[in-house]
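We begin with a single chain expressed as structure tokens, specifically the form predicted alone.
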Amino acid sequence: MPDTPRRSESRYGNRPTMKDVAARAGVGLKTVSRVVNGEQGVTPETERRVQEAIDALGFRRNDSARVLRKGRTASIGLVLEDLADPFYGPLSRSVEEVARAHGALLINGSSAEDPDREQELVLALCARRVDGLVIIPAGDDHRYLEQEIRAGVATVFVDRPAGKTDADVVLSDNFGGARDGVAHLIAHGHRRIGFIGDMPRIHTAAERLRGYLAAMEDAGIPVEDSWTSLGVTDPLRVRRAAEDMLRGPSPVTAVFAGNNRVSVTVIRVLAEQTRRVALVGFDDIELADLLHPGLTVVAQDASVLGRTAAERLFGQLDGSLIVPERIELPTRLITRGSGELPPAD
């Protein structure tokens, strides 16, 4: 049988270098460098030969090495809770647009709401010499980042504050938004209002519960234990919580959903009920206006959150922002029908 030719090494990881370009074009390394970086001092004919060699070899300039020589990697990291969550899409896009305007590349990853994974991902980005970090924190202790911050890594937390360390943070008014949403249900005659939220250790969940309780207290309405449920936003857990609130001797006539994932499951549960139950959700969801009735929500602007956080980050990098600040952005109540339903009994 004829011998089958075998490659002695992988085709991957062997990118052409300036040396390869220089050898093919028959010029020195300095000449290639001048052409690649758009510098003067090269004749048109030599530049043509170098460019032909670049095109033939598929050479690409090593920007990492170039910017490292200048002390910057021209890249920033974004650590999200869950890349699949629709809320983080516009937030990520805004961070990327600001980064792009500053000539920086965005690298993002997901912590999956795991503090250990968050720390591992953050430190891995630091090891790759990113200039800055925008973090939606999963953990409640960020002292592990203090050395990196002292070393010059610009850091901004968004959606939730850092734990046990002083750093820039950009938040929505979770407390005020939830209080306004529940007060809206109370204004439409509801007294038995349920609250279903995320895990209580999460800042946004705790603040939204606090807003719910404040609205009920302002109205002089005592809250029964069976009216509140916090935990993972798994559809099965949320479904059970909603169904429990909707039955029994004192069923709720309205529900306040603590985030977009909770809202989606509660909508499905309410669609199976024979009586109309009012609903207000925190966070808008796609097609909310096409439901019957449309979903009333407390909306926060994820795009503005991301843009504000990224602008703070680059403010730190250019030296104009030094003292950490806490920025709290307003929410707005969007009425579409579901939160305006009167009590059924």
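Note that the structure is a prediction, hence the values are computed from the model and not measured. One-based numbering along the sequence shown.
FYI, the form predicted in complex with a further copy of the same chain isn't displayed, but the following is about it.
In plain terms, the part of the chain that comes close to a further copy of the same chain in the model of the complex, with a heavy atom within 4.5 Å, is 263-271 out of 224-232, 263-271, 162-170, 199-207. In terms of contact with a further copy of the same chain in the model of the complex, the residue from I285, A302, V27, V277 that brings a heavy atom within 4.5 Å is I285.
With the partner omitted from this view, the residue of D82, D140, E217, D180 that lies near a further copy of the same chain in the model of the complex is D82 [heavy atom within 4.5 Å]. Contact here is defined as any heavy atom lying within 4.5 Å of a further copy of the same chain in the model of the complex, and by that definition not a single one of A154, I327 and E340 is a contact residue. At the 4.5 Å threshold, heavy atoms of R192 stay clear of a further copy of the same chain in the model of the complex, well away from it. Although the partner is absent here, R150 is not a contact residue: none of its heavy atoms lies within 4.5 angstroms of a further copy of the same chain in the model of the complex. Proximity of D289 to a further copy of the same chain in the model of the complex: non-hydrogen atoms within 4.5 Å are present. The shortest heavy atom separation between G89 and a further copy of the same chain in the model of the complex is within 4.5 Å. Using a 4.5 Å cut-off on any heavy atom, the residues of 122-150 that reach a further copy of the same chain in the model of the complex are, in sequence order, L123, A124, L125, R128, R129, V130.
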